[in-house]
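In the form predicted alone, a lone chain appears below as structure tokens.
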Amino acid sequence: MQIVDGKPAGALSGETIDIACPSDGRVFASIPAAADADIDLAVAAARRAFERFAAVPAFERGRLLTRLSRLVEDNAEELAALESRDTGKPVRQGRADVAAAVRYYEFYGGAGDKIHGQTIPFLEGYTALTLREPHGVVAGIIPWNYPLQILARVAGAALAMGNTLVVKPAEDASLTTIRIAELALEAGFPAGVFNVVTGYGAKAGAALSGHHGVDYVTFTGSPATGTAIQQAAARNNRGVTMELGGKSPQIVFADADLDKALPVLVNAVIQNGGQTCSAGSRVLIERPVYERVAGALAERFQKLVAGPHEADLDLGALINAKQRDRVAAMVAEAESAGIKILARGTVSREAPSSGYYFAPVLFGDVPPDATIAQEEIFGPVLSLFPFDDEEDAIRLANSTDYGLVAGIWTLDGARQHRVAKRVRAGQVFVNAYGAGGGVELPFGGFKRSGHGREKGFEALYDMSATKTIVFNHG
């Protein structure tokens, strides 16, 4: 059921959407299929709750978020199991997602009362100051790959600043979002502050992003959908935060500590089945070590196994048949173009044939203009590229329309700084890689990867607006 104005609610039409487990394709739940009238009710509830909630002292809002973090922690096993079944990811990944969600609510529980305004030197006889104020009703459109984590980073920042929420999770993975809304009520959030509506993106998502009663929209997903959401919000002149994917490079120089780099290079593309905006899907390797690194990665890829979420293998199923078929088509296109496959993983014999599995694939010597080099695959597919020198590496790293995350592997301190400054990415990791765990680290992209920032204190600025007040006291 949806959660609207503090109560469970079905769709006014009575229509529902079946939810299938990606591991076996079997329907195990259903959700309401909301439409325009349902969105109207949820937005109205959030609007009624806003003035009261915005007046709650920031430290009290923080206490509510802290209580929510404890409830999430207390229900960790239930949430991890539900997230894994709903998305097909291994159970250990579900547990990691719960742990990250706890941290988000903890962080924002302590952060909301740390955002201060300023006094500004101005004319004689005047005092000028600024306040940070909530937008009002925030629409959060949540993707299916990390529902728990992405909901937490959106809701934590929005609620800490005094906004109210209408959240629309992806129709493929809505169940933990509904459960978190129930826990928010248990934590003491007033009715109407945290609303959840479910349904198809083309109906419920479109109605929410273009709703005249919404004051701000935040979205994580594909560039195409992000464009549609921005256009809908623009009709009401509303602000947006957009995190729209990536084609993230990891640059391996000849002096890199390969023992440390290799497992990270693999995990960065198979985590969550490669269905990660920040997936390190391109590995750029300096020529003197290219064959060595490619061989070591091929050895590791051959050992990777995909299987049911409860089996807790290297990766689970992809989210649905459409996504699996899309990944398979992109891999087949690359093969037909003559791009060499260096290694393939396997699908477990225990995996049901009705599940949406795709074995990991490693491509070598990929042409920089190939489709798999330029477009987000959103699957367990890694592409390797040789480079000649530092300038060549930077050119390759910046050669796509995306700019979300990058990794740099080198022991040369001066090179670390040079390359980190010149790579166009919202996050750059040196001798490390990973966007998901850094609750405190501002996250967002350049170019086609979107705009605005989530996570850390930067998200609190996105979730509020500056008000300037000027006093003439003579």
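A residue's number is simply how far along the shown sequence it sits, counting from 1. Owing to the predicted nature of the structure, the values given are computational and were not obtained by experimental measurement.
If you look for the form predicted together with a small molecule, you will not find it shown, but the lines that follow are about it.
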- Is residue 222 close to the small molecule in the predicted complex, meaning a heavy atom pair under 4.5 Å apart or at it? yes
- Message: If we define contact as a non-hydrogen atom of the residue within 4.5 angstroms of the partner, is residue 94 a contact of the small molecule in the predicted complex?
- Response: no
- Using heavy atoms and a 4.5 Å limit, would one call residue 168 a contact residue for the small molecule in the predicted complex? yes
- Message: So, residue 202 and the small molecule: in the predicted complex, are they within 4.5 Å at any heavy atom pair?
- Response: yes
- Message: Quick check on this chain: which one of 84, 209, 272, 383 has a heavy atom within 4.5 Å of the small molecule in the predicted complex?
- Response: 209
- Message: If the cut-off is 4.5 angstroms on heavy atoms, which of these, 326, 287, 340, 395, is the one near the small molecule in the predicted complex?
- Response: 326
- Of 154 to 162, 84 to 92, 104 to 112, 225 to 233, the segment with heavy atoms within 4.5 Å of the small molecule in the predicted complex is residues 225 to 233
- Message: Please determine whether each residue of 244, 277 and 322 possesses a non-hydrogen atom within 4.5 angstroms of the small molecule in the predicted complex.
- Response: yes
